[in-house]
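Shown next as C-alpha cells: one chain only, the form predicted alone.
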C-alpha cells in the first residue's frame, strides 16, 4: 500500500489552508484599527499561511526537504525579528 494519495491530499489541504490564512490576514486591513494592529494581524496570518504552504510543499516534493526547511526556518525567524523591530521603532521616544 502506498501513501502517495494520502500525502497529496494532506499537501493540498495544507496549501489551501495557507491560502485561506493569506486572505484572512488581509481582511483586517480594511478596518479602523491602528496601523500597528493591522500590521500585526497581517504579519501573523501571512507567516502562518506561508508556513502552512511550505509544509504542504514539503509533503509534495520529497527531494527538496533541505531547501524548504531552510525557507521555513528563515520565514519564521525573519518575521519574528521584523515584527519586534517594527514595534520598537514605532514607540514614542521620551524627550530629553
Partner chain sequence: MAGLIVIGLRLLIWLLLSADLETANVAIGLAVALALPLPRRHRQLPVSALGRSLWASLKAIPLAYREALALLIRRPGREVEELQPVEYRPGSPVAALVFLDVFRITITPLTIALGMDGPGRSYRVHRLESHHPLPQEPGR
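Residue numbers count along the first chain shown, from 1. Because the structure is predicted, anything quoted here is derived from the model rather than measured.
Quick note: we don't show the form predicted together with its partner chain, though the next part is all about it.
In the predicted bound form, its partner chain sits beyond 4.5 Å of every heavy atom of residue 59. Contact between residue 10 and its partner chain in the predicted bound form is not found at the 4.5 Å heavy atom cutoff. A residue is said to contact a partner when one of its heavy atoms sits within 4.5 Å of a partner heavy atom; residue 2 fails this definition for its partner chain in the predicted bound form, lying far away. Contacts between stretch 24-61 and its partner chain, counted in the predicted bound form as any heavy atom lying within 4.5 Å, involve 24, 34, 36, 37, 39, 40, 41, 44, 48, 51, 52, listed in sequence order.
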